[in-house]
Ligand SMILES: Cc1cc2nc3c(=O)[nH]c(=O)nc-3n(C[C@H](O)[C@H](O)[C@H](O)COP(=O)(O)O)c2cc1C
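Next up: a single chain in structure tokens, the form predicted on its own.
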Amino acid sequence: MSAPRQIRVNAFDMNCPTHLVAGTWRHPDSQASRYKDLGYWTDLARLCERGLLDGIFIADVLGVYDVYAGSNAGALRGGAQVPVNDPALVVPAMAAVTEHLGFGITASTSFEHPYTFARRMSTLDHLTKGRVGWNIVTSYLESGARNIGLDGQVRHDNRYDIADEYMEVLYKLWEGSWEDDAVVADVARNVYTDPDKVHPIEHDGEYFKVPGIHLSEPSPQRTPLLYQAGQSSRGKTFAAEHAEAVFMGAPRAEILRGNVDDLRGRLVDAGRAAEDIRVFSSFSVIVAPTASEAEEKRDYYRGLIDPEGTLVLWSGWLGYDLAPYALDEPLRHVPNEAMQSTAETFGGGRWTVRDFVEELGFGADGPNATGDPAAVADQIEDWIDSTGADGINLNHVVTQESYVDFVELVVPELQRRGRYRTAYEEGTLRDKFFGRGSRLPDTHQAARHRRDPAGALA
């Protein structure tokens, strides 16, 4: 009989006061307003490593949610993903106080040039000793596009066309520009780098022109572990070609199972193994020593939810202004198919707008498990086993209380059942995920841009 599958867990956070659950920054024990202090992030990193989590996955947007009422005022009032700081800059401090924890950084192919971005990620991979991953997004906020000088957001599928070339540039820089033995640090000859082993990439494409060399010497992973979060058909095709870990959200197990099976099939079509990817599902937990305490905690949290802040976020995610609708208006009066479909999927066929806010306020795209440690562990196990996912992206309801509760109450229960590690694996983040070394496998398309021992492209 084979050993049960180990459940992987990322802490899902954002460098802002309100990530997904609007209003809970007002909780008396919330640390949300400390997001701008390094101490917040080093405390979180120590906690997550104590709980043997795989990593901290940091979301990001480069723009403001301004669909609601046609203004950014609601987002500002509720702290709804604004103010928001750069996710990458907190990583070195967290790496300095941990040894194993990984860090998933969100950055957009639409708003970052690949040449400068490649250096930033190589720098982080060096500073973390190979513990960094990149969550590849193409972005969706019109405000972000306009503020970098575009007339508006590029069409969805075209953004992925640009992203494909973006990845090609990065692979050339990370995998092929510097040979493994380019850095010789020869004191006697006064040579730090052998110039013959560093190559310009000479990329001249439809969207990018990058003729020169990568600015950084090869880092432990060369290419950081590649996350991706798109769930459209085009997004899943992109993931099958590039990603090693995918973040998916779904309210019901059968929906996620279909998406996971579809994605793994696409990997095989792309010439990779179905197991070459790790799937993380959005998941929220409210746990206490007893079921009654957990329910009391859930009721208290629900009372903190900010309706306007929640609708600000949903308006941005749906691309539809929900401001004109009263909280007690039946949802069938709101002519937005995506919102109605989301509510029905979560079981709210006769909901009002208020029901939508209160029931989905704990997380936008995944289940919530509320109960004592055994009940919560049951729900996590059932979710993983029935969906085929590898782990969860753990949303916080109140930071950092949600993570403390999970580490102290749920992790020991999962360990007792043999479903959760009791010690970290050695190696880089990629090696911890797959156990086959720090570099991308030869089946990944990035391998086409590597050089053989003679310095020629593979």
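It should be emphasised that the depicted structure is a prediction, and the values quoted were computed from it without experimental measurement. The first residue of the sequence shown is number 1, and the count goes up from there.
Beyond the structure shown, there is the form predicted together with the named molecule, which is absent from this document and is the topic of what follows.
Taking the partner from elsewhere, no residue among I255, L263 and S386 has a non-hydrogen atom within 4.5 angstroms of the named molecule in the predicted complex. Heavy atoms within 4.5 Å of the named molecule in the predicted complex are found in one stretch of 421-429, 54-62, 28-36, 404-412, which is 54-62. For the options G235, P367, G316, G78, the residue carrying a heavy atom within 4.5 angstroms of the named molecule in the predicted complex is G235. The contact with the named molecule in the predicted complex, taken as any heavy atom within 4.5 Å, belongs to T106 out of T106, T128, S219, S110. Among heavy atoms of G176, none comes within 4.5 Å of the named molecule in the predicted complex. In the predicted complex, the named molecule sits within 4.5 Å of a heavy atom of Q231. Residue contact with the named molecule in the predicted complex: N85 places no heavy atom within 4.5 Å of it. Taking the partner from elsewhere, F346 is found to have every heavy atom lying beyond 4.5 Å of the named molecule in the predicted complex.
Along 241-257, these residues reach a heavy atom to within 4.5 Å of the named molecule in the predicted complex: F247, M248, G249. In the predicted complex, the Cα atoms of M248 and M339 sit 3 Å or more nearer to each other than they do here. Figure legend: C-alpha atoms of A343 and E296, shown here, are separated by at least 3 angstroms more in the predicted complex.
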